[in-house]
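In structure tokens, the next block holds one chain alone, the form predicted on its own.
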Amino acid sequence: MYYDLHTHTVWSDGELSATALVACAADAGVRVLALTDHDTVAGLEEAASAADIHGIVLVSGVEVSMSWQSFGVHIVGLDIDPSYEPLQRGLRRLQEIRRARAVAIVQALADAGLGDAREVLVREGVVSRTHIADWLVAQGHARDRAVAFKRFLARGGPGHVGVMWADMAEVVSWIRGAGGCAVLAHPTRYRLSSGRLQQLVREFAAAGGAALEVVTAGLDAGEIARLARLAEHYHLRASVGSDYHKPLPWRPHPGGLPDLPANCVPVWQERLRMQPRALV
């Protein structure tokens, strides 16, 4: 697989620097890599320098948080101009929401007698619930990140804090205004019924969304085929991304994913900046 169009670094909730991520991707055979940190483009300059060293194509990207009905949903922006001011303003707003949520969670955990997690708030990149979950594990409150989320941070837990992100139309407009492709990220991860997932995809396409992430980590062949049919039905291109955060034995390294199904139109088609150099 030449492409991996969904990855993260320490600037959001990944564990590798941008330089280390690019090196890892190059070692895994990735030829075109998108860095898509949550609600920030801070790592793109470093990643671009590393991509030049390793001889791979770096696609400027971001993963933007939005609210749809009662769900938090993510839209990946690919091949964006990160300096586009409306996008920059939108990301600053989302970073402020993230910061306020993290402060509220830290206070809620303290009120529940779980200790002082304010150290989590002192970091250079965005603060996410993943960082708080890792703190809960380090303090012995949960055996792993998944348990920390389920027991403490999910709805009904002592550290649950609901927020309203940006809405779909404005997120798509930021990405399109920045010259990019809006991609609905990991659609099956929102645990929607078949009907609601179809509604989400339909509304995303109507709002100007360009693509559906058809291949991502953890999907079996049937799920990939189902997403490929959805993309085809709503005339969306198809994207592929590992959603890579850190080396794990049961998750793929960058690029370690199946090919797109034959009925898909790839998101990189006709975009020369998203083509491996040897194919341009």
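Quick caveat, the model's predicted, so the values are computed rather than measured. Start at 1 and count along the sequence shown; that's the residue number.
Below, we turn to the form predicted together with a small molecule, even though it does not appear here.
- Note on the partner interface in the model of the complex: the residue among 145, 176, 160, 141 having a heavy atom within 4.5 angstroms of the small molecule is 145.
- For residue 237, no non-hydrogen atom is located within 4.5 Å of the small molecule in the model of the complex, even though that partner is not displayed.
- Looking at residue 13, you'd find a heavy atom of it within 4.5 angstroms of the small molecule in the model of the complex.
- Looking at residue 84, you'd find every heavy atom of it more than 4.5 angstroms from the small molecule in the model of the complex.
- Interface residue remark: residue 190 is not counted as part of the site for the small molecule in the model of the complex, having no heavy atom within 4.5 Å.
- No member of the trio 202, 204 and 226 reaches the small molecule in the model of the complex with any non-hydrogen atom inside 4.5 Å.
- Contact with the small molecule, judged by heavy atoms within 4.5 Å in the model of the complex, is confined among 122 to 130, 177 to 185, 88 to 96, 193 to 201 to 122 to 130.
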